[in-house]
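Coming up is one lone chain in structure tokens, specifically the form predicted alone.
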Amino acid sequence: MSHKVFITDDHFMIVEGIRSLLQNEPGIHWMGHAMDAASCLEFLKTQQPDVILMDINLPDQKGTALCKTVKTLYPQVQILGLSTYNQQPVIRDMLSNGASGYLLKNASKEELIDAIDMVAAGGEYLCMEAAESLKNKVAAKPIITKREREILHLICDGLTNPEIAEKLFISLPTANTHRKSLLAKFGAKNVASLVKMAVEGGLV
């Protein structure tokens, strides 16, 4: 049984390079490509691949946002993030928005096919660089002050900024500043993410 593969990337040389690697490969059915998010979504209205190789930077939308949209509309479609970046926040963002794997654009033909096979079968695939990046970042806990740790505990207990300010006898702007600092240090988008990271990191 062959895997239907589609690529969304705005770099023609990348598209052509991957197409040349895969189009005659047994077990791979090359469905074509889109150069931006809008074209990808238009294509998906009429037919769906098993796997989309998706660039994280597209001209009209971030790949992470497109990934989330595709997984919402077509949950059966598996997505492999494709990038030249192996920074942890980028990888984590792609995975948290529904991607089943992450691959660097310098991957070999063998690794590309392995990754497609794995995610098409419902598994997950991280290239070695991405896995190392995630592991290193998880191991490095953010350095926070004693006061920030106090505030982190109160945030995890569900207290609002005014309640934190009252409890610790600090001004509301100071409480706001501490909360923003914690979000920035953890690289968290919101309080829910902050709490999750603090619990996973054993800080509360």
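What we label the rigid core is the largest C-alpha set whose atoms superpose within 1.5 Å from one form to the other. Note that the structure is a prediction, hence the values are computed from the model and not measured. Sequential numbering from 1, following the sequence displayed.
Separately, the form predicted in complex with the DNA exists; it is not shown, and the next lines address it.
Checked against the DNA in the predicted bound form, the residues 69, 61, 48, 161 give one hit for a heavy atom within 4.5 Å, which is 161.
Among the residues 35, 170, 31, 41, the one placing a heavy atom within 4.5 Å of the DNA in the predicted bound form is 170. The candidate site formed by 100, 108 and 113 is entirely out of contact with the DNA in the predicted bound form, as no residue has a non-hydrogen atom within 4.5 angstroms of it.
Proximity of residue 23 to the DNA in the predicted bound form falls outside the 4.5 Å heavy atom cutoff. With a 4.5 Å cutoff on heavy atoms, residue 183 counts as touching the DNA in the predicted bound form. The closest non-hydrogen atom of residue 176 lies within 4.5 Å of the DNA in the predicted bound form. With a 4.5 Å cutoff on heavy atoms, residue 147 counts as touching the DNA in the predicted bound form. If you fit the rigid core between this form and the one not shown, you'll see the Cα of residue 154 move by 2 angstroms or more. Taking the rigid core as fixed, one finds a CA shift for residue 195 of 2 Å or more between this form and the one not shown.
Superposition of the core reveals a Cα shift of less than 2 Å for residue 34 between this form and the one not shown.
Panel note: the distance between the CA atoms of residue 60 and residue 190 is larger in the predicted bound form than in this form, the difference being 3 Å or more.
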